[in-house]
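Alright, two takes on the same chain below, each alone as structure tokens: structure 1 and structure 2.
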Structure 1
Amino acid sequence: MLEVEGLSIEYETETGILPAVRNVSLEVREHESFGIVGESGSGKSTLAMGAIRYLASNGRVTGGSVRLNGVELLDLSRKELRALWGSRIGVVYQSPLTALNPSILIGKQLAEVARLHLGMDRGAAMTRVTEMLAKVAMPDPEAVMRRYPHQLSGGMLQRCVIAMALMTNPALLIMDEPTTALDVTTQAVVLDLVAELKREFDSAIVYITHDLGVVTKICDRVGVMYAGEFMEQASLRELFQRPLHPYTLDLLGCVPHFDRSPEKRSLVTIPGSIPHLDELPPGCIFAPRCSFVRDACRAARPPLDPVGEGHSSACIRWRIVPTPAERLGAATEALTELRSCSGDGAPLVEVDDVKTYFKGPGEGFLPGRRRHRAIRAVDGVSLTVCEGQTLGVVGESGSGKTTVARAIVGLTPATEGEIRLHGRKLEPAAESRKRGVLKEIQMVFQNPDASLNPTRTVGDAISRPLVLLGGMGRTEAATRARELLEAVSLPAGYYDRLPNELSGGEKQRVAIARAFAAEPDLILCDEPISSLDVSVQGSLMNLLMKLQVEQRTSYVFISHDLSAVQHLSDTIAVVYVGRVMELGDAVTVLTPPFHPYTEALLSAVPVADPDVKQTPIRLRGNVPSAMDIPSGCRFHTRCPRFLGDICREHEPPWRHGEGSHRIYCHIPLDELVQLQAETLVLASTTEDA
């Protein structure tokens, strides 16, 4: 078992010493998994890697002790440490593709561990690798061993890395965001696997993640880190039901919960941002952002003290911390009612059987005679966006959801089909659209760092569409730009800043302001929040909702994150390999009958609530490539409810349900309802309370 006591880690930088982790303690037993949750900059990885003494050369442990089964790791020599690494300590990393050497066969890389630490010869090591790969449920281990990493999918690679880490049955397994780079359905498979291996191997697991949903799937105990210290440690259920630290409480409120109530509520926001390590506040480090702060909090740093059985909190006022339900009631407000397209709201944009094909890589030698297979990124999608409403498009990577948005805005022109705005047909390419049309459709992009031109000031970025599309003069545009900054809750002083002086969330706010500047009817949001921290995500979702209510703008909100989509959308479209599988009002899509793919997504989404029961429906294999779309129903290669030849050979019909609800499947809706009665049981604490 692992005992960390009072561990402190510092980095020496050009501008001074940064205390990245300060006086941190934790304990993990055999067979137990301890989740370290924190936003970026919380020091969670530094803590884990520092504990096993793997630090950048400017980092050093300045105090404390780390004992693994009684052995003090901080006293070991390099050589002794190397004997532990890979044998008693296993590590699984965030990105499985980069974690494996691109030019060595998988089998050889895994066998290296067996040969080094188990003293096996080549043959025995290879046998051991085959066994381990079978244990992580790898289909056809022998073939996998003869592959290079780039030939496998992310999920498969992560299984290889896990097999490698568990090869020697280590006493400690560190998993650093192991599923963050994977798709939801693959993530669910890997999480299941880890949960199972946890029973089989007696390693103590330290699981690092930013995702409160993932924690509930495999952790027994959880510690919440903030700016280099633990704010709270508790058992999983207790932490979610009765958090006793304001930061935990607010963090839980930032995550959208699955609910089927027609009311749209805002999320809890945490004002300000995580403090920098060289300017930590003297008292409680959360004090500048805490809504329960008192003068006493600023006097001295509150220690992580026990507040109950196996529960500790670094808040001196833990007794007054309310329950999550109370907090939600007090800190959030109802914004609007869900609307449905069939009822109110005229169609603003209609996407009619749109296809976007690209030329694939050529085959054959000669330029003229080369055959190109088409990449069918979008393969016949029809959607309607209604005035003042939000259409959520959800799908995994490779579903073509982004290409749909780019076709609407004209960045990747549709090769077939029609897109209409206010009933008038749009030119496929943005370049050939008229200013008046361009003005109506704007876009917010995924990557905040690339959204703004690094050489132009924030003010320039926002004024430009005002001048170009709004026909304003310079001074007028400048005044309006300042107003827009205020509307997205940024100080007007940001007007003269350059993008590199802004944080990711702030950049995204500027991008939103820029999109709103032209006063468009429709804004396409392409994963606008997915690269940001949980608390920033929450406040951006609030902002989007608030602006929608004020401006009556329509959104197309594209995301792989089903909980964000359901939180914001009036209508939801579920897409898979270039086609819509299910479409309908948010509430109907989230209640049975589901399309089998929607069902699988719902059962795979990590919900930040340990009491939600999800039927484990897991998808086999990978998302097919858009060059090789399966025949018949394109989901048939992975469908858990596969019917047989009919699915393989015939395109399924659209089955119409309540209102605008449609499902693209051979199974009739009433049968689906019966099959799926229990997919997602919502027993959320809010309802119990």
Structure 2
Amino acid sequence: MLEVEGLSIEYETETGILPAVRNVSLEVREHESFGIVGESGSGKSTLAMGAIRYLASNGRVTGGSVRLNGVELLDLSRKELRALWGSRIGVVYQSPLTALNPSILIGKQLAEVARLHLGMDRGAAMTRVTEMLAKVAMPDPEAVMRRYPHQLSGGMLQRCVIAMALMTNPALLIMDEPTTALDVTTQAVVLDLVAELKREFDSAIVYITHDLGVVTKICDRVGVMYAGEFMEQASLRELFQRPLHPYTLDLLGCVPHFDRSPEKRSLVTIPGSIPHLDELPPGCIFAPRCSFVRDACRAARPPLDPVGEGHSSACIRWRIVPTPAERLGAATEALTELRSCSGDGAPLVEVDDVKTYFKGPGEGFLPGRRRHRAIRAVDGVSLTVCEGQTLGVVGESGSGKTTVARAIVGLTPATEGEIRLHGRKLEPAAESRKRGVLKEIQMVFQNPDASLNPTRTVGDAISRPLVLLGGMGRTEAATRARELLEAVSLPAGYYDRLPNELSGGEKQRVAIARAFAAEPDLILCDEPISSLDVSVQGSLMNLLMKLQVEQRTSYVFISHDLSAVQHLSDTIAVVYVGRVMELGDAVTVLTPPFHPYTEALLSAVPVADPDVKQTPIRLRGNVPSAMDIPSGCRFHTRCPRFLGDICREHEPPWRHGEGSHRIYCHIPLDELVQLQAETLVLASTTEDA
């Protein structure tokens, strides 16, 4: 379907010409998915968009050949390309909101594709839209067609974009990070959908992602890209079982795996960062970050040569590259000082039956008689965070995870309940708390761009809590700020930089340094790694573990990524619509019996191992509104283990398992174990690796 040979792409910028993609070749067959993985800045999206000549005005193809079904795309006129885009080529973007017009109804937008590229009249086009929405498993397609984009959830929007891209049964479908912004459960549904559509349609798929777990669910072959070149290409199973380039090996080592060992271990990290395109090193471009580098690697740039059947590597030392298991074992042995200091921690923070309600939209029409329904964002949560330990909080978007954290820190005052720090009751609102209490609890937010002042330097951001909460003078605070930068593996010279001069991972390191500046007892981490590259995620998780050991700091780590939570946490709480569904230490929570909600979350996590077979459990619908919580067990409307009236009408009891393990469910624990006998045993993931 698609043949790319020796493609080179460059951008013209104010500072000169940037060679973004250099001499890249690949091919994708009918019904085949080719995954392109690599860190941000590797050129993945530029390669895909350049291949179909859909570049920004300052980008251009400077060499090579691109053939789609034998037609040379580089020879087509602009008019011919426009006819091809949308008819024979479909694109699914990372953010569906930016791909859809917010002022036009969904049905009309999708029908436009059918009318323009298939020549249909209005009636036939709307019929085609209904058919396509049904094919992507959209609930109630007719109703969806009458809605605007802002009235749909993220998963429904992404289905609309996929339906639009497949409207004309294109020869080539490019999917650019289509699930990055989605919950793990929604992501699983979308990945199932793509896998099903791949069998039904004739399209060749180019799937771009930095999530190696997602690759195992979709792709047949994978290319690993770095700084504008392919480092390795292989079949999916060959790449994961026996990578033959150090960059691929390191990327696989950065991924956390489910592990039943109570000891924490570090992940593999990749030192440095991707080189700037105008400062590429001589020889192998990965050499400055490679742990296997030799002088010969710097002498000449190695080509992407065959090293086996269907397997190519751009490394002259590919024969000595160890297996992932050998690499991981060496990294763990070398960093044993990062083991957990848990096991003897006393209670630090106690959250006792906390409720956080908001005023919802009003009801009624008579003046002065308007009633408001409460939004029960947190509806009776009790948790304990021990000294020097990490409490992981998981759940889908809308479950109340972030509101729990904001209640602890006092940014969103609790409506009812009690929060205690070292046994002392805290005032609900942060502004009512004493300065000493503010110093003891800090927070790291998901988006560092929104929490760092773009007009103030990095040094100012870190020095501020040292002056306000630590009582330091400006000179002393500046010295300490530089030390904190080095503690989070950033040069002290970053002190005078502005946030826009840093990468996403560097900004998040600054945010972590700022949180540690006041030497707090507790740091609340709200999705701090969700939007980052796998390599940056690995280094930040190692950093958090290292700082915890050194300073005995406790964490509340919030995420929808169960593998990351399990890697960092001593205790895990599974939250659903403002209520804890399951609670216990990290090993027992991820060992049967599971709460049915935890079971569904686990089955949705894409494991970065193509040999692991997971039992798919897909939840129906979306998380219910906190303004209209279901009766009885609030999970019963989506529960795969639904029992009937008892779940619908009665609150479930707490069922106590091993140690501190508790499950909020009507089903007895021994019955849950029998029901879940066929569920993926997570221990095998680590043992097989």
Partner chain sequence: MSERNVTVEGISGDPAPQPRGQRPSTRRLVWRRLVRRPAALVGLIVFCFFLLLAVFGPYVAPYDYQAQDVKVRLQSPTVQHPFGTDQFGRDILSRIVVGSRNIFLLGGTGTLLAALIGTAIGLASGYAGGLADEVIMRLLDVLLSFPSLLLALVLLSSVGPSNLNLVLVVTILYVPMIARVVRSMVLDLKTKEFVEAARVRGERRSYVLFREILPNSLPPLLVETSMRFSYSIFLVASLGFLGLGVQPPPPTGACRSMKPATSSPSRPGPCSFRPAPSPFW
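Please read all numbers here as calculations on a predicted model, not as lab measurements. Start at 1 and count along the sequence of structure 1; that gives the residue numbers used here. The term rigid core refers to the most C-alpha atoms you can superpose between the two forms while keeping them within 1.5 Å.
> Any idea which of the pair is the form predicted in complex with its partner chain?
Structure 1, not 2.
> Please say whether, between structures 1 and 2, the C-alpha of residue 495 moves by 2 Å or more once the core is aligned.
For residue 495, whose C-alpha is compared between structures 1 and 2 after core superposition, the shift is 2 Å or more.
> Residue 460: after superposing the rigid core, is there a C-alpha shift of 2 Å or more between structures 1 and 2?
Yes, shifts by 2 Å or more.
> Superposing on the rigid core, I want to see if residue 195 changes position between structures 1 and 2 - specifically a Cα shift of 2 Å or more.
No, shifts by less than 2 Å.
> Quote the shift of the Cα of residue 475 between structures 1 and 2 to one decimal place in Å, the two forms being superposed on the rigid core.
Comparing the two forms, residue 475 shifts 4.5 Å at C-alpha.
> Core overlaid, residue 504 C-alpha shift between structures 1 and 2, how many Å?
Its C-alpha shift, to one decimal, is 2.4 Å.
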